[in-house]
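Just the one chain here, laid out as structure tokens, in the form predicted on its own.
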């Protein structure tokens, strides 16, 4: 018989992703209490009223420390993860934090040490894992249908509109650290058991630097793995502002001794043109006329429900807590490894030299 656990959830950060996850939690049968916090108390109040949360505050700790709360979602901006995660761990709460785990290895190591000391259940939201095509791809790898993986390739494109919004919010949240990180995680996940030993990267600056951000428009990297596998990863978040993708336009390829997988995630087969314009999932004042449907990174609204990677991931995490079901969310050690690779990519691109891992502390 399945033992069902009742959940009290604190959602720290009432922005786009925090709002989505809070709404999904409100609809989960295992959740009977929700607390919302945000640096802007009015935003916390508005989200709480919208989803029927029982508590809201401008003080994160006030929400995290509620006695009804046994699990915490940290959905703050990238540079503000550490404090609420550490507060939740110190109080013995289960945690789901958005990627990346932190923006520096020292911060990530602090979180990792706190989680391991307490035996905490901490997961990191690399939601690409919960896009169905990637879940199905992982199943093929686990079943041995592609044999031993000897190579992989992944690349992701997005518009400069989203890059500039991301960099304005946090200059450390570069396209490599904040977006290519999803695909570093995916390739690491497919190559589970091996680890990156060397990174060689090149980048090119252009429109993002002209806009005041000293970051590359395009970055390409070659990763060497401990088992001999090699992967090629690339990112450009400098496509034209009105490019039809509303999020990631991506491609993943996995090459094995017994097979190959080619996963086209560009959405160019799902076109719509609207004279009324289509809103952007991340940018409130941005719309496009031509759109690749289903290209919004977190997912899409349809018939009153939210569908896609964030929905799948949030429900899987809640089912994991309420029902004890296994889940594929990244562990903090996996997330730390992925952060290290993205930092090494940026270091190699800047120095124009190969970078060995682990990085020197």
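Residue numbers count along the first chain shown, from 1. These numbers were taken from a predicted model, which means no experiment stands behind them.
Keep in mind that the form predicted together with a small molecule is missing from the display, and what follows is about it.
Of the stretches 68 to 76, 105 to 113, 263 to 271, 134 to 142, only 68 to 76 has residues with a heavy atom within 4.5 Å of the small molecule in the predicted complex. At a distance threshold of 4.5 angstroms between non-hydrogen atoms, residue 60 is in contact with the small molecule in the predicted complex.
When contacts are judged by a 4.5 Å heavy atom cut-off, residue 298 counts as touching the small molecule in the predicted complex. Under a 4.5 angstroms non-hydrogen atom cutoff, the small molecule in the predicted complex lacks residue 336 among its neighbouring residues. Looking at residue 26, you'd find every heavy atom of it more than 4.5 angstroms from the small molecule in the predicted complex.
Proximity to the small molecule in the predicted complex holds for all of 16, 81 and 127, with the criterion being a heavy atom within 4.5 Å.
This chain is displayed alone, yet in the predicted complex one of 155, 160, 286, 99 has a heavy atom within 4.5 Å of the small molecule; that residue is 99. With the partner omitted from this view, the residue of 251, 195, 209, 169 that lies near the small molecule in the predicted complex is 169 [heavy atom within 4.5 Å].
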